[in-house]
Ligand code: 5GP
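Next up: just one chain, as structure tokens, the form predicted on its own.
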């Protein structure tokens, strides 16, 4: 369900999908990438360890902390952030600019602070969509069902989610992910309108 429509629709270069962890942004992003050949995924860099089946250069660029900090020092990131567990995440400028230069629209699947930074960098060339869970109870249930969270990290994620939800209104559109197919249709139509991509 779409809560509001972007004010400035027009051909842009980047699409940012953001949400609290567990709201479904990654599942939406993967389906969009499978449908739109004009979209290309922006692979984030991180210092966290790879999860099962994650591939370096495809899911993330996995750096150790020294490598990541060297990129920070050189100004290689469009945005970067350190999370509560000490993991660093960031978006490599060269990666994004190469995709844009080659005629692609770059799709970001990033956390809320990173999305705000990207929105500031790209301005009207960016469509930013906030994916909102139907409730905090549903979000907690989704996070628990992953089986990857301790009670401590779950509590931290939910606390962070409360703060992130307060920032939803600064993005171009808010889509509630209650029914996945309806949410996907809403996001897809926003992207078609903004980029002019066909599907």
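Just so it is clear, the model here is predicted, and its values are computed rather than measured. Residue numbers count along the first chain shown, from 1.
Quick note: we don't show the form predicted together with the ligand, though the next part is all about it.
Interface residue remark: residue 31 is not counted as part of the site for the ligand in the predicted bound form, having no heavy atom within 4.5 Å.
Although the partner is absent here, residue 175 is not a contact residue: none of its heavy atoms lies within 4.5 angstroms of the ligand in the predicted bound form. By the criterion of a heavy atom within 4.5 Å, residue 47 is excluded from the residues contacting the ligand in the predicted bound form. Taking the partner from elsewhere, residue 76 is found to have every heavy atom lying beyond 4.5 Å of the ligand in the predicted bound form.
Against the ligand in the predicted bound form, the set 51, 83 and 114 is in full contact: each member has a heavy atom within 4.5 Å. Within 4.5 angstroms of the ligand in the predicted bound form, the stretch 152 to 174 places a non-hydrogen atom from 157 alone.
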